[in-house]
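One chain is shown next in structure tokens, namely the form predicted alone.
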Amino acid sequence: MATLVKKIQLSWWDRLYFPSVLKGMWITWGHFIRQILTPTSKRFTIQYPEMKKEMPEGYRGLHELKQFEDGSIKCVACFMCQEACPARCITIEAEEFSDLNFTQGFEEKRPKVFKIDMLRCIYCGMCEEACPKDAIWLRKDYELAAYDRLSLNYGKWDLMNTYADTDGKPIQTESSELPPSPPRNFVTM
């Protein structure tokens, strides 16, 4: 089943190519003038560092590990986000901690190591959906740049401080002691 392709013979006017170049230059010049005369707020081109594009509802950007009001991490190291991730970019190592006054003898967990390789992440939101404690969120920030690959491996402290300054929260560091768990009200009999 062969398909016959008809060969088109160009006229002498089409073979000059000069009219086509002039037509393209005319279109380009028209776009240039239209862009110059349009007010800045209505232009199609965004002046990037000064103006930022408003992202639509449901956009998934950089990750954030949420914290309680007292600064302790919400993550309980249940590994559900690690298992739900199709790109296998999340790595979690758990550590146990407990205060017998609060936990009544049951050991609790929190992440000792929580890493996300942002180069492997496909920003699908499966980790956010799988988290039972609402500890990981994907926010609307899309600015992600680095000079080397290793700096895009975000650790626990990087993820906790992703939006600390924009949310008005203090920046957490490894040297700062986090409270072991949020205070609970137990009824004693």
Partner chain sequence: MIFSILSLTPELSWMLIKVLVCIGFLMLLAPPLTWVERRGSAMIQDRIGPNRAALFGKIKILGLAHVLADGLKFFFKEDLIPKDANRSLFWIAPALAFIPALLGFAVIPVGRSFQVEGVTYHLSLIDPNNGMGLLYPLAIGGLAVYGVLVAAWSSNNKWSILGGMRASAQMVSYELGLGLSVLALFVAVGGYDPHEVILDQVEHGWFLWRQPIGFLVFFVCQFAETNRLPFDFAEGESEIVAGFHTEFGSMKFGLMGLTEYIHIIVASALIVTLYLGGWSIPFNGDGDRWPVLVTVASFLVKLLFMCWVFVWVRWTLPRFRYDQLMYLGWRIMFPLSLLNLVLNAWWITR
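Keep in mind that this is a model prediction, so the values were computed, not measured. Positions refer to the first chain, counted from 1. Rigid core: the largest C-alpha set superposing within 1.5 Å between the two forms.
The protein also exists as the form predicted in complex with the partner chain; that form is not presented, and the subsequent description refers to it.
Answer option from Leu150, Ile122, Ala145, Ile36, heavy atom within 4.5 Å of the partner chain in the model of the complex = The residue in contact is Ile36.
Does Arg43 reach the partner chain in the model of the complex, with heavy atoms at most 4.5 Å apart?
-> Answer yes; at least one heavy atom of Arg43 falls within 4.5 Å of the partner chain in the model of the complex.
Taking the shortest heavy atom distance, is Lys53 within 4.5 Å of the partner chain in the model of the complex?
-> No, Lys53 sits far enough from the partner chain in the model of the complex that none of its heavy atoms falls within 4.5 Å.
Any chance Phe18 has a heavy atom within 4.5 Å of the partner chain in the model of the complex?
-> Although the partner chain is absent here, Phe18 would touch it in the model of the complex, with heavy atoms inside 4.5 Å.
Does any heavy atom of Gly58 come within 4.5 Å of a heavy atom of the partner chain in the model of the complex?
-> Gly58 lies outside the contact set for the partner chain.
Quick one: which of 153-161, 122-130, 66-74, 28-36 gets within 4.5 Å of the partner chain in the model of the complex, going by heavy atoms?
-> Of the stretches listed, the one contacting the partner is 28-36.
Superposing on the rigid core, is the CA of Arg34 displaced by 2 Å or more between the shown form and the other one?
-> Yes, its C-alpha moves 2 Å or more.
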